[in-house]
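Have a look below at one chain only, the form predicted on its own, in structure tokens format.
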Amino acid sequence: MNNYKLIIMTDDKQVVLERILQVTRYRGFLIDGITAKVNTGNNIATIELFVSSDRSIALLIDQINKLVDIKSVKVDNSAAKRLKAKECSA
């Protein structure tokens, strides 16, 4: 199973997080963790979503990008590699 960390920039609206979680579940990804922060100065939220799946991460990124209030989605591969290394050493 592959681990991924997505960094999602979005408008600060409560419904966005629900939509992201719904798309993630529908696309067959397991949610391993999530953090969300809001910059009240510009009303932009940053969501870090840790997911795992045997499926291609491109499937999930494409679907999240289609959501209305999404500004950007990127994968932090370095964080996923560190997470996998921790699992192997445990």
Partner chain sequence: MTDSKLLTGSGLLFNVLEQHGVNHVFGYPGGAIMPIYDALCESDIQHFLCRHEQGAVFSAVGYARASGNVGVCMATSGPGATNLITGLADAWADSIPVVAITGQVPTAAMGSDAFQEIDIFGLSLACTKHSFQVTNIEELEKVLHQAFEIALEGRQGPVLVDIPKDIQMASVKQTFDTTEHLKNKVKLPLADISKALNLLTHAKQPILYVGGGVGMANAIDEVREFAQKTGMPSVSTLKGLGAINPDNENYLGMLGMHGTKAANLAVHDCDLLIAVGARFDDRVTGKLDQFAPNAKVIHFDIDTAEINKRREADAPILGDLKENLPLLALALNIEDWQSKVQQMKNDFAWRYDHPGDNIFAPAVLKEVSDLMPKNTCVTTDVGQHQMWSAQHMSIDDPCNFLTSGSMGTMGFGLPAAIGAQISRPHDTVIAVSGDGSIMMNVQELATIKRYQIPVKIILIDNAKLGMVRQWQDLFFEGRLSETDLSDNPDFCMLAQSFNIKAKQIRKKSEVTDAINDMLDHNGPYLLQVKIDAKDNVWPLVPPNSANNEMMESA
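Predicted model, so just to flag it, every value in this text is computed and none were measured. Positions refer to the first chain, counted from 1.
What follows is about the form predicted in complex with the partner chain, which we do not show.
- At the 4.5 Å threshold, heavy atoms of residue 73 stay clear of the partner chain in the model of the complex, well away from it.
- Though the partner is left out of this view, residue 39 does not reach within 4.5 Å of the partner chain in the model of the complex, counting heavy atoms only.
- The partner chain in the model of the complex comes within 4.5 Å of no heavy atom belonging to residue 53.
- The partner chain in the model of the complex is not approached by residue 32, whose heavy atoms all lie more than 4.5 angstroms from it.
- Contacts to the partner chain in the model of the complex (heavy atom within 4.5 Å) from stretch 19-46: 19, 22.
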